[in-house]
Ligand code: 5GP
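Starting off, we have a lone chain in the form predicted alone, written out as structure tokens.
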Amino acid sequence: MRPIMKPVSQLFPLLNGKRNIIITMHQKPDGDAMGSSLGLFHFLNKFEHNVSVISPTNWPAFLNWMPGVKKVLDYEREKEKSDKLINEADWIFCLDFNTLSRTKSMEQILSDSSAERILIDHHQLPQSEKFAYGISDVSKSSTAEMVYDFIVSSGHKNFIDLDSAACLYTGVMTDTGSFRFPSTTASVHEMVAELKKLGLNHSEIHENLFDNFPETRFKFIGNVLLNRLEVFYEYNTALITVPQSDLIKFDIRTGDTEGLVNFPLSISGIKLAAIIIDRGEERKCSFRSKGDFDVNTFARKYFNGGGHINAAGGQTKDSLEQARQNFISAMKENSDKLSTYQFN
């Protein structure tokens, strides 16, 4: 039987005691991972804790505008400094990941740390035995929404300033696909309304996130859609495979492939969309679906991954062509769920 994480509400009376605190996230952080982490960072700084944010890896350049991001440590670049901070920590907040393995090379030091680890996450099957406190809620739109709830429930909603508001908005907006995914509940809009009352400039955030890409990215997308997209109409499925040579040719950086897997979902009749990218040391996979096709289960079963019902990821050490063949085989194995999908 797995240990039960103590509720995060038990931390509320302890917030006033000064502590050394680490906030970390999954490798290659997206808008929600960085947004929730920095949103919590700005909040905890109000209590005058010693707070440090550590990312396991680098992050997309389109997140560099975020308030506080210049203080974030890249573990791979600043390992010695990061290790020292982790070893001195009293609390380690683990945001937007369900297992320590998602922190890549930070996994071991986080596991060995004597600090109390605190989980705030919305992915399935949390590694609960690794966390002293935690909340895991798959019904939530984003970890940023959960951090907002944490702040409000603590009784310190007044500590949310424009910096934390911008970070939390980034997290919830990106993880809901600009509020179009089914996870966009009434509570999401209520949260955004409260942030807007503070004076949040949502238009500026959208420009920072979506209007700051290099020209080469658009040429890369054009090449991908023209030459790397396969549509399997019999299975209501679309697959994109990207060789490493494309990444080199178009000078693709971290974050430049963000959202690319969503393009095929715009094709009428497509229920499952996937992208497999050759990253050199491994092949990274992303899966998206419409309706009730569970890509979390699909990713776990076939590609050593997981995530949510309609959005998940995975990886494999197989070659790109072998990964493609494995996907096609998996698609065919699920034909009873894919081929019968009906659109209105």
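Don't overthink the numbering: it's just position in the shown sequence, from 1. If you're wondering where the values come from, they're calculated on a predicted model, not measured in any experiment.
The same protein also has a form predicted in complex with the named molecule, omitted here; what follows describes it.
Shown alone, this chain has one stretch from 66-74, 53-61, 298-306, 40-48 that lies within 4.5 Å of the named molecule in the predicted bound form by heavy atoms: 298-306. Just one of R102, K271, K140, R117 comes within 4.5 Å of the named molecule in the predicted bound form, counting any heavy atom, and that one is R102. Although the partner is absent here, H123 lies within 4.5 Å of the named molecule in the predicted bound form, judged by heavy atoms. The named molecule in the predicted bound form is not approached by S289, whose heavy atoms all lie more than 4.5 angstroms from it. Interface residue remark: I277 is not counted as part of the site for the named molecule in the predicted bound form, having no heavy atom within 4.5 Å. Taking non-hydrogen atoms only, P29 never approaches the named molecule to within 4.5 angstroms in the predicted bound form. For the partner-free chain shown, nothing in 128-155 comes within 4.5 angstroms of the named molecule in the predicted bound form, judged by any non-hydrogen atom.
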